[in-house]
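So this first bit is one chain, no partners, the form predicted on its own, shown in structure tokens.
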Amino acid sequence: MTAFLEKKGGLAVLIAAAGALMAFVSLTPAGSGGSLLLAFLFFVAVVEGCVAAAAAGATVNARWVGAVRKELLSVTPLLLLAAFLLLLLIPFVDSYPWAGKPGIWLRKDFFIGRNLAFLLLAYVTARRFAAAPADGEGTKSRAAWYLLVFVVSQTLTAFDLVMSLEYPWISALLGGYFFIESIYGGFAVSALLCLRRSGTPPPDSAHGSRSDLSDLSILMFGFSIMWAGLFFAQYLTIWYGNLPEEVGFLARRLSASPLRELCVAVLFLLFFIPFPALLSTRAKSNPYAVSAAALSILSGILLERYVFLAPVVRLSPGALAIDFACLLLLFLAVVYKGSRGASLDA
């Protein structure tokens, strides 16, 4: 596989083949659009989050960005694949509860058009940011433009693709919840890449200056608290409002097994595991503690996307397995190519 990736055009062929396979699966009766939607939601959160983590680090001159910048930005071409996957979801849009009803915002062509436009805009701004030198003139402004597009793109993903499945349920917090969660995942991927690239931090880092891994651990620790705050704010708003359409969203997920247990698992994976795991200073430099926290965060995001969709969308295990295998393979392939480029530059 690595020899194939080293060939000129090898990565492009791999992306095209994976896209064609996913298109074929999505068009078969077994490959319902719900499975593709779940894979798309997790994939676009991680990919946009990786670039957002690099952009956020660049705007504040974070030291850790230098260690993993190329690997994080190597996922940029996958934003084009995300745009292609969104087009594959066009037939599935007819199954949304608002489909066929009069209106402007929830009209099929405008629905697909605005999400596609911001995915392409995310690709363009990410590419411009990736093309700029790490500490060159204009890098921070390009990073800021990407972050602006990223916020809108993730907000639209939350409002359009997820929240409107529960129409007429409305939550003004869900957009912010999604883009915070996406960049939380981006920092988790950054920590795993940092460990892969640098290995165990040198012993003297525990007694002197902070290592890159410690900086990323602090970010994950802080975002775990922010995530818990947003989660509680969302729950408190629904509890105080006590409106049937809002309470129904929670009741469908908490009234029966196994979704009730999965909801508890999401809370543990995104807060109760990373928060205590990274609480002490020593743990923030411990590769096992940091790896466990990062994998817990990514698993929590995936499981939460499943909990969002499972009560209202039909999911096919076979189609899900193929979609996730293709996307995982592509993600690892582009990161490998990015790390090879970084190694050659070093």
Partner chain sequence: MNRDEGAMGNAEKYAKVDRDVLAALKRPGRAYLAGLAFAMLLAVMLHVLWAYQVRSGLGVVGKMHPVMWALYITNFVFWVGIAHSGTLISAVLFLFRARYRTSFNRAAEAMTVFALMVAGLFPLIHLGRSWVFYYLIPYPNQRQLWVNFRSPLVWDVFAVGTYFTVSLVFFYVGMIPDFAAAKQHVEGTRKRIYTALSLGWQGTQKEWRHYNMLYLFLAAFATPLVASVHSVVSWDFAMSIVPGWHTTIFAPYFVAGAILSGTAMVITLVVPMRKSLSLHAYITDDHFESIAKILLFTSLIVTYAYIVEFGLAWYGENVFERETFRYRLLGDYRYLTWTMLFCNSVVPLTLFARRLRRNTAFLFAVSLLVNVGMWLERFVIIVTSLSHDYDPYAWGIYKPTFVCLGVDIGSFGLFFMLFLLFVKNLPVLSISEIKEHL
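Just so you know, these numbers come straight off a predicted model, no measurement behind them. Positions refer to the first chain, counted from 1.
The form predicted together with the partner chain exists for this protein as well; it is not shown, and the discussion that follows is about that form.
Of the listed positions (264, 233, 117, 256), a single one reaches within 4.5 angstroms of the partner chain by any non-hydrogen atom in the predicted bound form, namely 233. Think of it this way: in the predicted bound form, the partner chain has a heavy atom of just one of 123, 227, 179, 129 within 4.5 Å, and the residue is 179. Although the partner is absent here, residue 276 sits far enough away that none of its heavy atoms falls within 4.5 Å of the partner chain in the predicted bound form. The partner chain is not drawn, but in the predicted bound form it has no heavy atom within 4.5 Å of residue 77.
Taking the partner from the other structure, the partner chain in the predicted bound form has no heavy atom within 4.5 Å of any heavy atom of residue 135. The closest heavy atom approach of residue 155 to the partner chain in the predicted bound form falls within 4.5 Å. None of 264-272, 77-85, 239-247, 183-191 except one has non-hydrogen atoms within 4.5 angstroms of the partner chain in the predicted bound form; the exception is 239-247. Contacts between stretch 159-177 and the partner chain, counted in the predicted bound form as any heavy atom lying within 4.5 Å, involve 159, 163, 164, 167, 168, 170, 171, 172, 173, 175, 176, listed in sequence order.
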